[in-house]
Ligand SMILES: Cc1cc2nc3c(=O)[nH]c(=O)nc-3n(C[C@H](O)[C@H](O)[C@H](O)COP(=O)(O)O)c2cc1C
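Single chain ahead, by itself, as structure tokens, in the form predicted alone.
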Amino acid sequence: MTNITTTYLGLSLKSPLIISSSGLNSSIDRVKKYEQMGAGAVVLKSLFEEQIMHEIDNLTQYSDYTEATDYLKAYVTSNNVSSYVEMIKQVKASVTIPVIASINCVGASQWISFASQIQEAGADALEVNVFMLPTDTQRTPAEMEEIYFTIANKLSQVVTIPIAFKLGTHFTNPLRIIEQLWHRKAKGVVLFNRFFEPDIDINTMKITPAAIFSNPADLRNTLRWVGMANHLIPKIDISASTGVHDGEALIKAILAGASSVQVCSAIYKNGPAHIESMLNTLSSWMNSKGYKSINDFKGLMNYGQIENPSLYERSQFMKYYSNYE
């Protein structure tokens, strides 16, 4: 009998499969269905700083009165946060699996106070999604990275629930970022986030959104950094995200060292029943290999466990394509 329970951010999960932050989690009935299908936890749809700021700009652009503008800013912000806090309370009252809140921010200002409200609402953990597009040519990479560290420092001072940072793939040295976040008391990282990407419609001559869903091939980059981070920064929990579309991908992520995986696109495409299918694949594989628990094989193929660690480092195709002309 296989045991697929695991721990992530100090939380006990009945399975390593987490439904990641998206519109999938905007309904209590959906979250209950995910729990029924075997999901170990759910990350609620994010509270977006950019969205709130956009609403404020729309309301205040025609106001010449400072007092009115300040009132509108406070009202919009408070209303959004209150709605989010209420959603946390309702979901927590409806399911038994851990409920992880998510904030999507571009700075370290008022989001610190929001985190306290999220904790008080009963969230089991907080996932912080930070990304600033580097459009300022005078701003150094170190200055951009410091924003993450500032947020981590401030959050650790105001909340006691575990914190995870959801990172993008754009860092020059992702391993340093992960290590520095650990030193600032982050309990986990999610590797990796997906961002809005632009495309160009050559017929309408307009900028349009590129495909929003991940694809299975995206898992390769995720595996590289999960495998390296699990060995080099072993104390921090890793949740593998982007490219996890089936049970085999789930297994690969755990072998690389992930404590959990986060799934989104595969559920959009296949529905909640796909959760059960992925977990059945996991259980069947564990039985075939004689593994009784997740810990029996977690990290078994990380950067430090395989015979040739350079396989995780290799970035050029020379060995494979040198004979092709």
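Because the structure is a prediction, the values reported are computed rather than measured. So that there is no doubt, residue numbering starts at 1 and follows the sequence shown.
The following text describes the form predicted together with the ligand, which does not appear among the structures shown.
**OP:** Could you spot which one of Leu133, Ile212, Ile207, Val158 gets a heavy atom to within 4.5 Å of the ligand in the predicted complex?
**Re:** Among Leu133, Ile212, Ile207, Val158, a heavy atom within 4.5 Å of the ligand in the predicted complex occurs only for Ile212.
Subject >> Selected contact from His274, Lys298, Lys45, Lys32, since only one has a non-hydrogen atom within 4.5 angstroms of the ligand in the predicted complex >> reply: Of the candidates His274, Lys298, Lys45, Lys32, Lys45 is the one lying within 4.5 Å of the ligand in the predicted complex.
Original post:
Thinking of Gln180, Trp182 and Ser239 as one candidate spot, does the ligand come within 4.5 Å of a heavy atom in every one of them in the predicted complex?
Top reply: No, none of the three is in contact.
Original post:
Does the ligand come within 4.5 Å of any heavy atom of Gly188 in the predicted complex?
Top reply: Looking in the predicted complex, residue contacts with the ligand do not include Gly188, since no heavy atom lies within 4.5 Å.
Original post:
Is the gap between Ser260 and the ligand in the predicted complex 4.5 Å or less for some heavy atom pair?
Top reply: The answer is no: Ser260 has no heavy atom within 4.5 Å of the ligand.
Original post:
Hey, in the predicted complex, is Ser102 touching the ligand, heavy atoms inside 4.5 Å?
Top reply: Judged by the heavy-atom cut-off of 4.5 Å, Ser102 is in contact with the ligand in the predicted complex.
Subject >> Partner proximity in the predicted complex: Cys264 to the ligand, non-hydrogen atom cutoff 4.5 Å >> reply: Answer yes; at least one heavy atom of Cys264 falls within 4.5 Å of the ligand in the predicted complex.
**OP:** Work out which of the listed stretches, 143-151, 188-196, 88-96, 117-125, brings a heavy atom within 4.5 angstroms of the ligand in the predicted complex.
**Re:** Every other range fails; the passing one is 188-196.
Original post:
What residues in 128-166 sit within 4.5 Å of the ligand in the predicted complex, counting heavy atoms only?
Top reply: The stretch touches the partner through Asn129, Lys166.
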